[in-house]
Structures are given as C-alpha cells and as structure tokens.
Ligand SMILES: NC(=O)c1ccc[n+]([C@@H]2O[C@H](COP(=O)([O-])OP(=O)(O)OC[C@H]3O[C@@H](n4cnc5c(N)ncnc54)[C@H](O)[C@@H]3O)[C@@H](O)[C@H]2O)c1
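What follows is a single chain, given as structure tokens, in the form predicted on its own.
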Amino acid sequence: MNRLSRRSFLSATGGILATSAAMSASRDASAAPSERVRHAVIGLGGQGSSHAAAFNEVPGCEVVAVCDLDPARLERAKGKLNKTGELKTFTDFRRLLEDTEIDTVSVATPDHWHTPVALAALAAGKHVYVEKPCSHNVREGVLLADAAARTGKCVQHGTQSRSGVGIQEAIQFLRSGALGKVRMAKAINHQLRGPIGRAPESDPPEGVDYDRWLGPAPVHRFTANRWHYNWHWFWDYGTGDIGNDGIHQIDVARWGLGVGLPKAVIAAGGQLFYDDDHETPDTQVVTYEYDECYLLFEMRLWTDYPLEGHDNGVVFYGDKGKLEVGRHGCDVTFIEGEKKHIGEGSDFGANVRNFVDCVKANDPSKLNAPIAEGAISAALCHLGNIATRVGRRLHLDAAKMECTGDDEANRLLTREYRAGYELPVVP
C-alpha cells in the first residue's frame, strides 16, 4: 500500500520525525513539572472557555493565566476562574509567554493564529495543546510538527476522538480483521448551521486591537461577521467546516484506515444553501485516493442529524459489514444482520488529561493526539479545500510536498504573511 506515515509526511521537509524520539529521550526530565502544572489559555471563545474549565478539573493542574483581545471575554473569564485572586490576564499573547512560571498553554484562537501562537509558545519553552486544525495551511502544519520534534515538547492536537476509549476500541476492532478487508471509509459532517446574513463594515468593538486580531491576514475593515465564531467562514482566517468540524471525522477515518497523505484528491463544493457573507462552502464532497482504499468526506450544513439517524461520524465499509463511529457511540452491523455495540465516543476531558500526564512525565511519545498526526489530518482538510477552490484533481508529490504541475494549487499550500506578523522561528 502507498501508505504515507507521519514519518514520511514529515521527512518531506527534512527528516523531522526520524530523530524525534531520540531528541525527546535526551531532554532533562527535570524540565517537566512533576506535581503541579501551571496552564494558560490563549483565546477565550467557546472552545477556549471549555479548555479553561477542563484544565482546571485535572488534578495537579491549574489555569493561572488567560489571554484574549476582547476585554469582555477577559472579564467573563475573571468572573469564572479568578477564585483565588491569582489569575493573570493578558491581551497580548507575547507578554503571557514571557511568564516563566507558566508551563503549558492552550491555543484556542481563530485558525490563522494557531500555528503562529503555537510556534511562539514552543520558542518560549512551553508545552502546547493546539486546537484543530493546528494550521491554516499545509506548510504551517509541517513547520509546527518540525518544531515539536526538535524541541521535544508535548504538543497535543485538539482531535480528541483519539482519547475516547470507545473509539480506541473501535479502531482495535478494525485492526483485528473482524470486519474483513476495509476498502472505504466515509467521514460525514452533516448539521444545520444557519445563515449569517450580511454585515456592513464598521469600527471594531471598543478596546479591541483589531490589527493584531488580523495578524498575518490581509487588512480588511471590521465587520461583525469577521469576528467571533463567524470568522470560520472566511478564507483569510478560517478553513470552512471541513477544518472546523469535519477534521474530527477525517482524522478518525484516516486513523481507522491506517493511512497518511493521499496520492490524489478530487473535490467539489459550493453554496447551495447560503446567500450571505459566507466564503466557504455549505456543501462539499472530497475523495482522497490511496492505493488500496478511498477516504470520502461529505459535508452538508443544511440537514440536521436526524436525517442520517446519527450525528457527525465515520462509517467504515468492510467485506463483512460496516462500523459506525460517532461522538456518542461505536456500532457494528454485520452483513448477516447481527449488530454489536463497541463503546462510547470522543472525550475532550480525556484528551486534556492525557496531555497533562505527558507533560508531567516529559514524554511526548505517550500523547494520544500528537501534532505529527494532527498535521497530517489538517493537511487533508487543506488539500480538500484547495481541490474545491481550484476545481480539479490534485496529484500529491509527498516527497516534495507539492501538487504536481499545479502552480495555483501550490500557492494555496502556504500564504503571504503581513509584515510584522511573520511566523516565529523556533531555535
């Protein structure tokens, strides 16, 4: 099988992962906090707020600092977290990273800031939990995985399904061969997301450094739709719902199939439902081609869960039946009609606990969702978007990390960074 493992994915940029284990083993274990992990959350939207709550619940871990450009969010965080009067607040993540008492950080910013903040955190000697997708483009993911390997720090990706015991058992079931030969997996992202309308240009909220919020992205006047959460639907900041939610299903499908980067990608997508400020698709179908199997991604943002009978999930198709893996459970249906329930779904809290445990042990090798895997799954999302945007089949040369003979597609593998917001360099 033409199976591009995480090693071969990263070796395309210089043998990144080949020496990762040795480098990590050579680190001074005393550098890891052994009893109490002091954690900071950067980005306090819905997911960032979940991070703050989840990390505070882990024994031996305490959220000691938070950062956001929105003063209103900082005030809410202080009201919920500042029980001892020791919570530090920042509007500039760079000042937070200068605090030598902070051991670990969560990056829960808009997508276009994920890799820049994570790289800066690694350069400052922090362990990092970075939300999905870890990058805004393919090149960023490769650079982040490289930096994690070279520093030997724990970098956990926010694809928390990998810490779900039921999903782990489902993957083991696939590996056992009980479903026969599995030649296809379908990653399904179907849900009802309402329209966002059209928002006029206006001044940003009082006290917000909007230029810093834009960061590496091109300058654009503020609109309410380019702000909290709705930034997901603009190419300058987000990755559409394939990167926002579909990455969970793509990651599980890839994990179950045991594959890395595809040899080719073909996609179609557009707006069949929205007629508003959205730039990203509300409907998208992507096929990732491997030598012995296919991974399909299907996205509909205009049909709610009851239509399929389950929420977002993955269906593995084998010779002997199918395995459905969802956030709320994993079930097998054999061709003969027999059914079997394997276990429950993803577990965000378990992913956080696994990260903290690895930090305490100073052992990135035990991460359930390491950035080396997260970067590959993020790359699949980016490649799906690129194929959708250019409107043609992509042939991937993994050794060069480029799309063969396609300059337009290759330009979308990276981005232009505004002066003053270039990617941090990790020594």
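One rule holds for the numbers: they count along the sequence shown, beginning at 1. A quick note: this is a predicted structure, and the numbers were derived from the prediction, not measured.
Omitted here: the form predicted in complex with the ligand. The next part is about that form.
Only one of the listed residues (162, 132, 254, 126) places a non-hydrogen atom within 4.5 angstroms of the ligand in the predicted complex, and that residue is 132. Only one of the listed residues (186, 353, 232, 190) places a non-hydrogen atom within 4.5 angstroms of the ligand in the predicted complex, and that residue is 232.
Relative to the ligand in the predicted complex, residues 93, 158 and 244 are all within 4.5 Å by at least one heavy atom.
Partner proximity in the predicted complex, defined as non-hydrogen atoms within 4.5 angstroms of the ligand, places exactly one of 353-361, 196-204, 311-319, 111-119 at the interface: 111-119. Residue contact check for residue 213: one or more of its heavy atoms lie within 4.5 Å of the ligand in the predicted complex. For residue 365, no non-hydrogen atom is located within 4.5 Å of the ligand in the predicted complex, even though that partner is not displayed. For residue 153, no non-hydrogen atom is located within 4.5 Å of the ligand in the predicted complex, even though that partner is not displayed. Interface membership of residue 44, defined by any non-hydrogen atom within 4.5 Å of the ligand in the predicted complex, is confirmed.
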